[in-house]
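What follows is one chain in structure tokens, specifically the form predicted alone.
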Amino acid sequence: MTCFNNYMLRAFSMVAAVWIAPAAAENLPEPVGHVARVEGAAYISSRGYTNPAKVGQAIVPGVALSTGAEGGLGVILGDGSVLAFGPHSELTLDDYRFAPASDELRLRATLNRGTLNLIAGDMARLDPQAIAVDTPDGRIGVRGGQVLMKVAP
């Protein structure tokens, strides 16, 4: 009887997982990039959870990226833009859309503290107005090329 109960419990669990998984997956935004480099303490926060960053980890819009005292983090976005952070940095990727066919080109981020080396990818070439980074002191428009920013705490 115990074996039958275990079998039924597993069967119900599988049915529930199959039924719930697609609904949960529909709520996840599409990845727009990935982590390419991690040094020391680096973290990714999304949906109220903060986890250590790992090479290959997906980046989605709305994610917060941060580094610790000796940390470094590198991210490559879908258009080839590269974001590299030094120690004590914190950035939120507010919005990212790279769909040239539908003319949706937009990278909006907020650098709260630390350093950011941004190498603009195809997005800046297609629309020089598409990339902007907000800081506590104002907005920086990136028209292409490479920009190094530093925001003191």
Partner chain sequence: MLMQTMVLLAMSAMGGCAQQSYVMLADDNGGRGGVALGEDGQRRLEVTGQGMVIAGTGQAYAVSEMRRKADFDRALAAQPALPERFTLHLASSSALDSAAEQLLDSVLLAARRRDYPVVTVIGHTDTLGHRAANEQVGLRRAQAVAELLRAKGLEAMELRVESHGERNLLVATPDATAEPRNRRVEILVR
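Numbering follows the first chain given and starts at 1. It should be emphasised that the depicted structure is a prediction, and the values quoted were computed from it without experimental measurement.
As for the form predicted in complex with its partner chain, it is not shown, yet the points below apply to it.
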Requested in this report: Check whether residue 51 has any heavy atom within 4.5 Å of a heavy atom of its partner chain in the predicted bound form, and answer yes or no.
Outcome: no
Query raised in the report: Using heavy atoms and a 4.5 Å limit, would one call residue 98 a contact residue for its partner chain in the predicted bound form?
Result: yes
**Report entry** Contact label in the predicted bound form: residue 86 to its partner chain, heavy atom within 4.5 Å
**Finding:** yes
Query raised in the report: Is residue 115 a contact residue for its partner chain in the predicted bound form, using a 4.5 Å heavy atom cut-off?
Result: yes
Report task. Residue by residue through 65-104, tell me which have a non-hydrogen atom within 4.5 angstroms of its partner chain in the predicted bound form. Result -> 70, 71, 72, 73, 74, 75, 76, 77, 78, 79, 80, 82, 84, 85, 86, 87, 98, 100, 101, 102, 103
